[in-house]
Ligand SMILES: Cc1cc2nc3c(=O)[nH]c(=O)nc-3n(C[C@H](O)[C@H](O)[C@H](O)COP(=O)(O)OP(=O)(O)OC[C@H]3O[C@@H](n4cnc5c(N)ncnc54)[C@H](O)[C@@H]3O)c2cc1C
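A lone chain, given as structure tokens: the form predicted alone.
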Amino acid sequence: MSARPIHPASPELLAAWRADPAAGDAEFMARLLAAPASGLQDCLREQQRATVLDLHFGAGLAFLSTWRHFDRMRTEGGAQRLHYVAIQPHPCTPEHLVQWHADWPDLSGHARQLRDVWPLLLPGTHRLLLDDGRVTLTLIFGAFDEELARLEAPVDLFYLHGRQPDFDADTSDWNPHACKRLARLAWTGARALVFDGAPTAPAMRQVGFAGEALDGALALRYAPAWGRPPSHVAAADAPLRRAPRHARHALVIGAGLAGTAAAERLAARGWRIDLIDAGPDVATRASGNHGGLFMPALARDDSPLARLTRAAFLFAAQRLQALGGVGTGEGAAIAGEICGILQFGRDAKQALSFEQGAEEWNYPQRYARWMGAEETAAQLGMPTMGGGYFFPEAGWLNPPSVCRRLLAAARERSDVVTHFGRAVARLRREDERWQALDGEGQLIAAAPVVVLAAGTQARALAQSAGLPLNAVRGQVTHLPADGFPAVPFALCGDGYLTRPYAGRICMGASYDRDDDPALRAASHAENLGRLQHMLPDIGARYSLPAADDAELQGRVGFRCIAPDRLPLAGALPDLGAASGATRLDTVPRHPGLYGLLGYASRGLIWAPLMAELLAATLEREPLPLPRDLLAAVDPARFVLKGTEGAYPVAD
């Protein structure tokens, strides 16, 4: 189901939270969580990576209080990472948070960090990393019942309110069906703290929760009398401590955007990495362009692509800041500019759709706004092809600099060994370890986990040769920046245009179904035509070179594209054993073999989120996407093409 525009907390909802001790009384929350029966201390002792699901978030009182407990217990040998997930149909605005947090002086330090990362009020999943990655806050803005049904997270402790419909009239009460959704997420020995919980007790008991009454809450423990899936069954009476299914050591094949992002996200979790690439350095193939755009896609129906790119764009923007920021100066961590992007409609029909979508969605101005033809011409100082969406916090990046910074960040966090100039010709599995072999049969490296992140080169390996990946040629043209009219932001239409960097402007790109690696005049001509379509008067303001000018520079790369233009992120299917599968969860997979492939022209935004998804999957953490979008990027989805019931039921 597509998302809907998010409406912030109303004055009535804010008043209801204010009147509720669990949402507004910091002293009440401190007493409650300090009680041993609350389950928080046990949760933080039993798991090295503890997960809390908060279904009564408000302005974050329980989160801030839990974070404070986590800080204390982490230094005493407790959980080293805290994953905190919250669903909010009507979230606070930043102004609301300032007002509420002023009443909680003992939590001021944590509250300030929360406000610093508070996301735009856009629907979907917002993955926020705090405290140098020790705390992961996954905020889900959307309809309560729908988002709970789509959530994938192994939960150790639940916070919920017994009178949830009092705070959201569209939410179901805690009947047995709704409580069953909690049981689906409950890890072995999970606890639940139910504020004003008396109305929920019978339904929670039916699904396996039982416990005792505290002052202002029910403290429950999940201990069903029936069998549980093997992955959730404890040894004896002790809750199962979650750990990766494999030793924390991975071969990452491919050192472009996909591979270096995977290395960084895994290294942040303590994994050892062997990074293998046939080239002499990072970003020598599809990720080697001089410049590329960093932006989301929008759709009036909020399609899976729009939802995925929104989550990916917002997460990537956060990671760029954490990696040191973006700039064009000599000391910039990543070369590029967050200068904004104007996306023209390709034609009048798409431009009209853009304008109508902007009116219907009323996006936050920092995310996207409609810019009419007169305004685009005024902003650029010349006639344009028309109106379009303006993304003020988007921009262009130099992909090789992104790859270099990701690799450096990975090395800062863990042991990373690079194997440049080594092409993997074959993968062989022996003794539960994958061996990467070169063309002479010589061992390059071995590990229990392999991440294929080499784009179309993955088709050369037997295990991934059957994946429907196509190589599409893309030629970019480099125009001399000297004399080019100053444009205040990057442009995108049926082609794209960056701002100047290192004396060049990057423009492109062709879309060719051949494997010619050489620059050719015909592709330059296409790119120059795209520029003149976006800016019809550019020829009168800049001396455009001839397409066959021998001095005209550019670059050719080959995009890796899946039939549905979405990425492949996750465990790779064993295609030889997959016949007869009717659901994704029944498709056989190669043990320990994962893919990050099919990034097409969106590698700059796909790479960080897909790497986070893969790392969270391997670590058995809450996932950063809902179940239906997980299915949309699952590499096994093509096995089930045309099969009814291919995706798991979200319930």
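Quantities reported herein were computed from a predicted structural model and do not represent experimental measurements. Start at 1 and count along the sequence shown; that's the residue number.
The next section is about a form of this same protein that is not shown, the form predicted together with the ligand.
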One residue of Pro624, Gly58, Gly39, Gly603 in contact with the ligand, assessed in the predicted bound form (non-hydrogen atom, 4.5 angstroms)
Gly603
Listed residue that, although the ligand is not shown, lies within 4.5 Å of it in the predicted bound form (heavy atoms), from Phe484, Phe141, Trp434, Phe558
Phe558
Can you check whether Gln88 is within 4.5 Å of the ligand in the predicted bound form, heavy atom basis?
no
Applying a 4.5 Å heavy atom distance criterion, does Arg285 contact the ligand in the predicted bound form?
yes
Contact label in the predicted bound form: Gly162 to the ligand, heavy atom within 4.5 Å:
no
Using heavy atoms and a 4.5 Å limit, would one call Arg422 a contact residue for the ligand in the predicted bound form?
yes
Which of these stretches, 474 to 482, 88 to 96, 111 to 119, 128 to 136, has heavy atoms within 4.5 Å of the ligand in the predicted bound form?
474 to 482
Quick one: name the residues from 264 to 297 with any non-hydrogen atom within 4.5 angstroms of the ligand in the predicted bound form.
Ile276, Asp277, Ala278, Gly279, Thr284, Arg285, Ala286, Ser287, Asn289, Gly292, Leu293
